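One chain follows as structure tokens, the form predicted on its own.
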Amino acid sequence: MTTHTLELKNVTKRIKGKTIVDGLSFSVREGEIFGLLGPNGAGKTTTIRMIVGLISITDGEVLVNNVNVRQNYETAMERVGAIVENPQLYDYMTGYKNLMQYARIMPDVTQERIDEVIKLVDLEYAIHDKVKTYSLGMRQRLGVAQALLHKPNVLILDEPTNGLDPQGIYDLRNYLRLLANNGTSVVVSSHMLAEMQMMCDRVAIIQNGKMVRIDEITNHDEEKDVKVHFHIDGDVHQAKQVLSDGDTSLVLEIIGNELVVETADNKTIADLNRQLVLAGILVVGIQRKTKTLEERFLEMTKKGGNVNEVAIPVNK
């Protein structure tokens, strides 16, 4: 049975008559990395602020470990760790003293736990340096350590890769996967498509405060999401004609010296290759590719779709 650590049920936020978040519903499974994807202004940070109680919920319910945030806030937050926008740190203190300061307001945080999270985020070499000397990536890791001190089973990070260099992003991604593998549910928000594809198990695409779709990242072997690239040494147009004559229902596309076929069936791929070889066409490579999150995102939000599906910028 699937355990959900976080559930949003028709959550809405209105400010001065303007709807910022509109009837948002989703649930987060135990031990998964769940992404909130959308452009700046889509409602991601507002949603996170409602989840952790920084702003009120106009309508709907947020449940954390089956506890209603509006009805029993303190209990609901007992096992939640969060960084909203930027980690709040004391620059004049060392990283270690920052963690000690935070540990004083949390119940049952032991010395061993502090050392454990320092090791987890790989800050042992700099933990006794003042935070004002830290790079942005080091500050982000210290913020994650702070959020993990009380052993939350739900970790929420708002735009955690902002400003990080490639090494910092890679390290953060590995830390989050380690946490998820050990049962922590991780919620991250971002407008960076490529990073969300590499980081998340599922992504909720949000636009204008509304849910467009929840997309599975790790399970895209459905026929509609797979294309096979035949690398042709010779006349690729002839190769297309051969396959078209064999099956007029095939969706074929030419990209350079590649013939691209929409299919996911391994038997079909082998049969198409056989047809080409028997026709005297040299196939030097076959690549089976799933659509990227970017391709699916643009399909879902392209102009001409439904009321919520319009082109939006994703690189602000």
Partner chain sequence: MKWLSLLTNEWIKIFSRLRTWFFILIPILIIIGVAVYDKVATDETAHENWKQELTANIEADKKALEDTKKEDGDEFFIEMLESNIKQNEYAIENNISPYEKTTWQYMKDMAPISFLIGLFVIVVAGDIVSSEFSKGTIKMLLIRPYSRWKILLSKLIATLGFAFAMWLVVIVSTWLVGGLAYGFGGIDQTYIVQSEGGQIKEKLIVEYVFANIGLEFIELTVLVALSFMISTLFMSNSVAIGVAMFTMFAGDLVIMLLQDKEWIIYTLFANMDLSVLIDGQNQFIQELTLPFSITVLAVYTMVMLAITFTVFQKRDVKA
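Because the structure is a prediction, the values reported are computed rather than measured. Numbering follows the first chain given and starts at 1. C-alpha atoms forming the largest set that superposes within 1.5 Å between two forms make up the rigid core.
What comes next is about the form predicted in complex with its partner chain, which is not displayed.
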Contact test in the predicted complex: residue 146 vs its partner chain, heavy atoms, 4.5 Å: yes
Partner contact for residue 106 in the predicted complex: its partner chain, 4.5 angstroms, heavy atom: yes
Look up in the predicted complex whether residue 88 has a non-hydrogen atom within 4.5 angstroms of its partner chain, and give yes or no. yes
Just to confirm, residue 93 within 4.5 Å of its partner chain in the predicted complex by heavy atoms? yes
Candidate stretches 34 to 42, 271 to 279, 62 to 70, 49 to 57 - the one whose heavy atoms come within 4.5 Å of its partner chain in the predicted complex: 49 to 57
Of 180, 118, 211, 77, which one comes within 4.5 Å of its partner chain in the predicted complex, counting heavy atoms only? 77
Name the single residue among 101, 110, 133, 162 that comes within 4.5 Å of its partner chain in the predicted complex, judging by heavy atoms. 101
Would the C-alpha of residue 139 be classed as shifted by 2 Å or more between this form and the one not shown after rigid-core alignment? yes
On a core-based superposition, does residue 177 travel 2 Å or more at its Cα between this form and the one not shown? no
With both forms fit on the core, has residue 98 moved 2 Å or more by CA between this form and the one not shown? yes
